[in-house]
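So this first bit is one chain, no partners, the form predicted on its own, shown in structure tokens.
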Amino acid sequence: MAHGEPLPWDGFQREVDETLRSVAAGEVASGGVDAAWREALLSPGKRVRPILMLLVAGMFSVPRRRVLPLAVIVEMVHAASLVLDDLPCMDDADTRRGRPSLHKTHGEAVATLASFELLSRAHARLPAACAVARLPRRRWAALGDELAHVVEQLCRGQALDLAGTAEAVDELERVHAQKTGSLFVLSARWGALAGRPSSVELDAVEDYARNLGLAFQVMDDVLDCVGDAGRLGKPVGQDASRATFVDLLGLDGARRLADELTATAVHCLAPFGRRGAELETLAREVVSRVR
């Protein structure tokens, strides 16, 4: 796709943002946790995970309106994880998405509580979202278990990342398969489940998302070294104290790995033929991004 050409999902981000605003609507107390979780949820982001879910659902001819509530749940979990990532006891980041980090505007205690509230609200919204997606009621509990498992993986991946003990690429991939990849896989899986996939199709979608999530993380490491903080909306050089793909492979090696992961992700779409074109474009956008 030529540079500057409109992307197939232009407008998806607007729909996600509108839905997020509806989730955050209502009377807001002055300051405190109530204002903080809304600020975290509405901070401007790329919405890659919700867009991934919408694209996968579209591949199965599922209308976006049916999966938007599920996509919002994923974004709520992602927003909560970013708040925790930025805390002084974690990455100690002053900015996120071009704005002061939540603990800078509300304090560490309120920011932590806001993250917990986002996670709680995400779980609470799941039954209604499953109903809108027309998922069989017998599967609702399983999706709740999947969401809880992903939150556990995010925590474990973050702990391993902070420990910084990975000394080989496969070890670092295992860290980020949890910290980053797990939410990508959940997004793609839920988008597919709304369309009643075959087991082969579901496996293919999950394999695609797993490789896409790792490619996304590798590019994050690259951009942490060479990116522009203004364009990224967050500080660069934040990963100097822990192992990264750039540390282990060098800048060129990390870029090659991102390309390989992207190619693998695209190959996973083979069972879908032309139906997978938009997901192929998404994968190539991820590896060529500058923010």
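Just so it is clear, the structure is predicted and the values come from calculations on it, not from any experiment. Quick note: we count residues from 1 along the sequence shown, nothing fancier.
Just so it is clear, the following notes concern the form predicted together with another copy of the chain, a form of the same protein that is not shown.
For another copy of the chain in the predicted complex, the listed stretch (151-159, 211-219, 188-196, 94-102) containing residues with heavy atoms inside 4.5 Å is 151-159. Think of it this way: in the predicted complex, another copy of the chain has a heavy atom of just one of Ala133, Ala80, Val72, Val175 within 4.5 Å, and the residue is Ala80. Interface residue remark: Ala141 is counted as part of the site for another copy of the chain in the predicted complex, having a heavy atom within 4.5 Å. In the predicted complex, another copy of the chain lies within 4.5 Å of some heavy atom of Ser120. Contact check for Leu84: a heavy atom falls within 4.5 Å of another copy of the chain in the predicted complex. Proximity of Met90 to another copy of the chain in the predicted complex: non-hydrogen atoms within 4.5 Å are present. Taking another copy of the chain as positioned in the predicted complex, the residues of 122-136 that bring a heavy atom within 4.5 Å of it are, in sequence order, His123, Ala124, Pro127.
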